[in-house]
Ligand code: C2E
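Next up is one chain by itself, shown in structure tokens, the form predicted alone.
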Amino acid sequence: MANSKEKTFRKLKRQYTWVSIVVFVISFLLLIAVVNAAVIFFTLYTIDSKIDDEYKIVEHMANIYEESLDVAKEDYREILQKAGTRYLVKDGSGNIIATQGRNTCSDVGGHTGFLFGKRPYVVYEDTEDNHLVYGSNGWVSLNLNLLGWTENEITVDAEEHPNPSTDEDKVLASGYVEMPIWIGTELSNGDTFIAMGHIRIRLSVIVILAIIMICLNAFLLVYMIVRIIRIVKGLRRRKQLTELFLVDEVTKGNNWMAFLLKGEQILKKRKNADKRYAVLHIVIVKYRNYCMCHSLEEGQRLLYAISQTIDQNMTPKEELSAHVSSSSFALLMEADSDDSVRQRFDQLLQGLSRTDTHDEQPLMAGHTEKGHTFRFQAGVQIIEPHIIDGKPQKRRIPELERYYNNAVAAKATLEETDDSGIAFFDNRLLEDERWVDLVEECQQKALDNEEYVVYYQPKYSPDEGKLVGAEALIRWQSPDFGFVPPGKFIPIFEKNGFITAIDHYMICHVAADQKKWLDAGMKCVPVSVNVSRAHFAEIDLADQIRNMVDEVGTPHELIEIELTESAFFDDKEALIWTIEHLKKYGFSVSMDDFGSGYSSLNSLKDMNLDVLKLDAEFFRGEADTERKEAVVSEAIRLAKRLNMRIVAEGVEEKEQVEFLDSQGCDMIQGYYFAKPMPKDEFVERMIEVYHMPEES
């Protein structure tokens, strides 16, 4: 499952930012169009309203003209002449049959009017003045070419033009622009009367409208440009942040997140559906030691050099590498076969052997001038093509993280050696992983149902061969899995922390068994119970043990608390404090596996122990017997000087028993005397040795 950062990044990648920009630009352009349309509509409405006013005058003049056609009313024509009205009359064929004044009426025009051309009149442009123009849509609009107005077209004093309706060029009243338009109306006889009208608009209104339109458009365009620039800058910053999010700080190459995202993109490509891939987890063996011997900066330069070398061995855009932790790298490469993966890994090691740092000293796969040796271990998970009906299918959900975890599990099988090597994840490892899941799923249920069984391995004195103690060991009798040996579940419990619950379980059950045997009249021997190193982090561990034993009512001297030497590497002060209080409460304390670590003597110096258990490795193998006996002899002698009893584990041969007896060893635990056995068999041993009646 991808973590929250990966999910956030994937969500960020899915945002269609460029679509948002396009929508923003279109919306903004529509806004500009609406604003301009509103201004234009207001202008057209104003002009049309004034034309409507002029039409009423023209209509009145047309009536006067019709009246003048009557012989009895010829004086009506004089009225038009005195008024200086410029007009013309066209018959039904378009021929001019009457005119007065200079004819500057253009043929450009047509029906127009407010309310979308429903007025019964027509207009025509003036041939000498085109400030009012007739559009194809039937609207009369204003030509805002203010530079086209000459100086004599604008007056500042109305007294200079007392008669604004002459045949002279356009006459303007103070502060107004007066523009001619020819307006026609149909006479009763079918002729058309066309007269010049004048649209008077205040110059300041025109200027203000023009300035408003220019400024508004300029402002909106500038605002849109600024917003787009900011969005683009934001995109660039996000791209930079994205790159920073995907770049490893040390190697300047891909990091873990980049490996997941880019790797899945490679696997999802349709053209790669039929390809076999390998996911590698490569670790620098003992990288921490190198940093300790040199410096962290030198270690980072080493990582950078390794990353560069690995990248040089990858096919661009088809393969991938990334630095995922302090000493490990992840690789995604094509894999025709397992052998080809091994060959490429060997070639990569050869390339790393020639990798240099800034001081041009070789640092890989061999001794350098600084005296350090580098080795690499790799775990591999093969990704097979997904085939259905003989055809490879596109990988929709590659699960690269799971594949890498499998590669990590494969590499873990090499941890017992420091040599370079490569291991493949196979069905056996998969079964191991499944077993871990099953154990963790059932562990609490098994504890509640008391499926864990206590076994006892007797301890005998070497001189008399008499039962003098025992060690409590755990087994799992599962209704689902059958009899499960401790090696199959104890390491899992130690990793997941459930071992502390097992410690409590064992102490309680051993104490209960001892109490039961005592109540039956048996002579009991001390039984040692292992306590995990994880438990010693609890400062009240001694009190916990005391309370558990007291709740059952078992004498403290019958319970021995056994700890491993590895616990000494944790909280030393807490461990010593716990040992002191256990002894204060009357419990014996022993150290298990003495000699398996590297600080055994140091631990003996600081811890006041009662029993020392010699590790079974002292008595195995084909090592020089004389040297082995010398070490064991000195260990026994040292323990005696410290007033400690000695238990030898793993003893299987009579010669070993005789030697240990000669050296004063107190107890022997091993197959020579007895294997771990169920409780009932152990009871029989106690009865046999001490001739006590059987338990009822």
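Heads up: residue numbers just count along the shown sequence, starting at 1. All of these numbers come straight from a predicted model, not from anything done at the bench.
Absent from the display: the form predicted together with the named molecule. The rest refers to it.
The site on the displayed chain is open: the named molecule, placed by C-alpha superposition from its pose in the predicted complex, has no atom within 2.4 Å of a backbone or C-beta atom. Using a 4.5 angstroms limit between non-hydrogen atoms, residue 272 is distant from the named molecule in the predicted complex.
The named molecule is not shown here, and in the predicted complex it never comes within 4.5 Å of any heavy atom of residue 200. Residue 649 belongs to the set of residues with a heavy atom inside 4.5 Å of the named molecule in the predicted complex. Remark: residue 499 counts among the residues lining the named molecule in the predicted complex, judged by a heavy atom distance of 4.5 Å or less. With respect to the named molecule in the predicted complex, the three residues 49, 60 and 176 uniformly fall beyond 4.5 angstroms at the level of their nearest heavy atom. Screening 51 to 59, 37 to 45, 664 to 672, 626 to 634 for residues having heavy atoms within 4.5 Å of the named molecule in the predicted complex returns a single hit, 664 to 672.
473 is the sole member of 473, 442, 542, 283 with a non-hydrogen atom lying within 4.5 angstroms of the named molecule in the predicted complex.
The partner is absent here, but in the predicted complex a heavy atom of 503, alone among 248, 503, 513, 560, sits within 4.5 Å of the named molecule. Of all the residues from 480 to 496, those having a non-hydrogen atom no more than 4.5 Å from the named molecule in the predicted complex are 486, 490.
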